[in-house]
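Below, in structure tokens: the form predicted alone, a single chain.
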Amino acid sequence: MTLQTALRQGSDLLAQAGVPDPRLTAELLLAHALRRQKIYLYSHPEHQLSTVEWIHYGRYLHQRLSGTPAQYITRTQEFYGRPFLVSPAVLIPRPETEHVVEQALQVAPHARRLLDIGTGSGALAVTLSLELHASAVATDLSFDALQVARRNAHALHAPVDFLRCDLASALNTRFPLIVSNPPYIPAREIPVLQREVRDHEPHLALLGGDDGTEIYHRIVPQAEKLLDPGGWLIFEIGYQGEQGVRAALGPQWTDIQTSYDLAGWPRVIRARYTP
């Protein structure tokens, strides 16, 4: 079977099953089966798949048809222009989270130390340490997530130290910048999430309590002990969480601002600590 035929058949199978972006997904899985870049598929459409390549491609298609996200199959997701290792131990980094990076670069361009609470894959900590030329500390409760994040920091040569603890409970040093993309899905919404998220991504990184803002209310008091006066706290938030997160920020927080994603949903809240 040629690449051209394999790509067409894979796209058709995925489309019939209602998988989003079937053509793009087939390209990703076929390129992964060949251990080549996607451009190879179109520069060598006559390439005959070997038995091993066909077996891998078939297995990857079956996994995706069964609901496994493509990123967990390929073990890779791009974030802010860099490749990040992902596994079922971590949330898949989303393009929307890049808004946190953009806000941090805007309000704290001279920060040389930062803290990422609940780092997951390490996408925020690694990206900001590289973009700001800063050292970073990243925490997570999951040992397996920290293993993934460490590998990403090592692969991308980012100066990040990792600490296993509940949020920032083990820290007592101050930072000019704290970022976090905490769990923010309300408990009632977990059963109706897309199956790719509900059945495959870690619930520890999804569940945000009854209203989706429980973790923010725990982080804010810790941030007050860890931020330099005048330092910035930047959260990613869920579409339903803006008011609840703002309610967690007391009078010692100023310059509170919400930014919106490309779909118009509230996505990031930033606040300055001015005790």
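Residue indices: 1-based, along the sequence shown. Model, not experiment: these values are computed from the prediction.
Although not depicted, the form predicted together with a small molecule is the subject of the following passage.
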{"query": "Segment that reaches the small molecule in the predicted bound form - one of 150-158, 126-134, 174-182, 106-114, heavy atoms within 4.5 Å", "finding": "174-182"}
{"query": "The small molecule: the contacting residue among Leu85, Val101, Val197, Leu204 in the predicted bound form [heavy atom, 4.5 Å]", "finding": "Leu204"}
{"query": "Residue contact check: Leu167 to the small molecule in the predicted bound form, 4.5 Å heavy atom", "finding": "yes"}
{"query": "Touches the small molecule in the predicted bound form: Leu141 (any heavy atom, 4.5 Å)", "finding": "yes"}
{"query": "Exercise: Gln71 in contact with the small molecule in the predicted bound form, heavy atom 4.5 Å", "finding": "no"}
{"query": "Residue contact check: Arg218 to the small molecule in the predicted bound form, 4.5 Å heavy atom", "finding": "yes"}
